[in-house]
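In structure tokens, the next block holds one chain alone, the form predicted alone.
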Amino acid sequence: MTGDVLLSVEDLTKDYPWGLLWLKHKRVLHGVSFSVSQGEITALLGHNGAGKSTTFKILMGFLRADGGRVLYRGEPLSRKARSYIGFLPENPAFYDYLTGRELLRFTAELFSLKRFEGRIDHLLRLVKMEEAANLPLKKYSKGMVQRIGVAQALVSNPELLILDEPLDGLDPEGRQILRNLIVDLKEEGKTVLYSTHILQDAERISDRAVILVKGKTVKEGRIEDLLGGETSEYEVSFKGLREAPPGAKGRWQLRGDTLYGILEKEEEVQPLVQECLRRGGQVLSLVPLRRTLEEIFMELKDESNGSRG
């Protein structure tokens, strides 16, 4: 059922040995906590080195946490529970001389699946790789490798898909294809947890976001709650004016033959528009501006730096 908590991460900590003879330890996760709801897209956000990949490696059993716990459907995450999870690592390395179809067949055989050709055809259509299915992987672009990697993560029909930086390093077209694919996976009933430092993408497709700064969860919630429903500023633009009316508040800039202004208060908008019209200006646009995930992330990062400084 959509909205039920599928995965719970509670106060994860992780130390890595370092220094001379590895006698010291450096903490990279300082209590990471978040939840993933069934049937939703959750983005794990943070700069490079924030702890996203380390968290995923713990979830997949590649690393052991030093503290905290992970629950799957309310029970400790076990080897059996991990069989319901599909995973795409950052920068996946597949056998170059396999074709895309052969990679999916190989994966199906690893899972001891039977009569899997129909599922492979379905997955190739889902990731829009039918035409490249019989090409060797060494001829794939990075975006194509990411898409066939998502397909191999789906071979066993998992209910949760974990994608580590699937949008990283792609051109705008490749990012759009992957964004659309993640949304399509949700429409197919999958739950998606993915990491990214591209905050604009997360804002466009995610239901929830978790923000990590220096290995610690600093914010978690639904996208609309994080951004807030209130408008923070208003952008107006005019033709026929070279400068703002005397006494006008806000920030103003003339670009070409268009005058742009940013106003902070709603009550300032109507009087200003009326005055500009009276002066012969033509209103081109009036756009309410909301806060962005990038602004929220930078604020939280600055607060974290200040608290540790």
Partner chain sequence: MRVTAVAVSTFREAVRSRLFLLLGLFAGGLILFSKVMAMLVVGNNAKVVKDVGLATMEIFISLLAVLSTVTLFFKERDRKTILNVLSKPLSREEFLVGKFLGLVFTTGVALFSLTLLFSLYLWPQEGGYPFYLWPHALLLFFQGAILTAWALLFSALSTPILSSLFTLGIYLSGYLTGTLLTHYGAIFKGSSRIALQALYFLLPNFSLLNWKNQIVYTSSIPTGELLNGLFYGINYTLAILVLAVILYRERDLLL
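Keep in mind it's a predicted model, so treat the numbers as computed, not measured. Numbering follows the first chain given and starts at 1.
The next section is about a form of this same protein that is not shown, the form predicted together with the partner chain.
- Proximity of residue 61 to the partner chain in the model of the complex: non-hydrogen atoms within 4.5 Å are present.
- Taking the partner from elsewhere, residue 102 is found to have a heavy atom lying within 4.5 Å of the partner chain in the model of the complex.
- The shortest heavy atom separation between residue 224 and the partner chain in the model of the complex exceeds 4.5 Å.
- In the model of the complex, residue 134 stays away from the partner chain, with no heavy atom inside 4.5 Å.
- Only one listed stretch (253 to 261, 38 to 46, 53 to 61, 279 to 287) carries heavy atoms within 4.5 Å of the partner chain in the model of the complex, and that stretch is 53 to 61.
- The putative spot formed by 3, 130 and 140 is not touched by the partner chain in the model of the complex; no residue has a non-hydrogen atom within 4.5 angstroms of it.
- Listed residues 96, 75, 171, 188 were compared with the partner chain in the model of the complex; 96 is the one with a heavy atom within 4.5 Å.
- Note on contacts: among 152, 196, 237, 217, the single residue with a heavy atom within 4.5 Å of the partner chain in the model of the complex is 152.
- Residues 107, 109, 110, 111, 112 are the ones in 107 to 121 with at least one heavy atom within 4.5 Å of the partner chain in the model of the complex, listed in sequence order.
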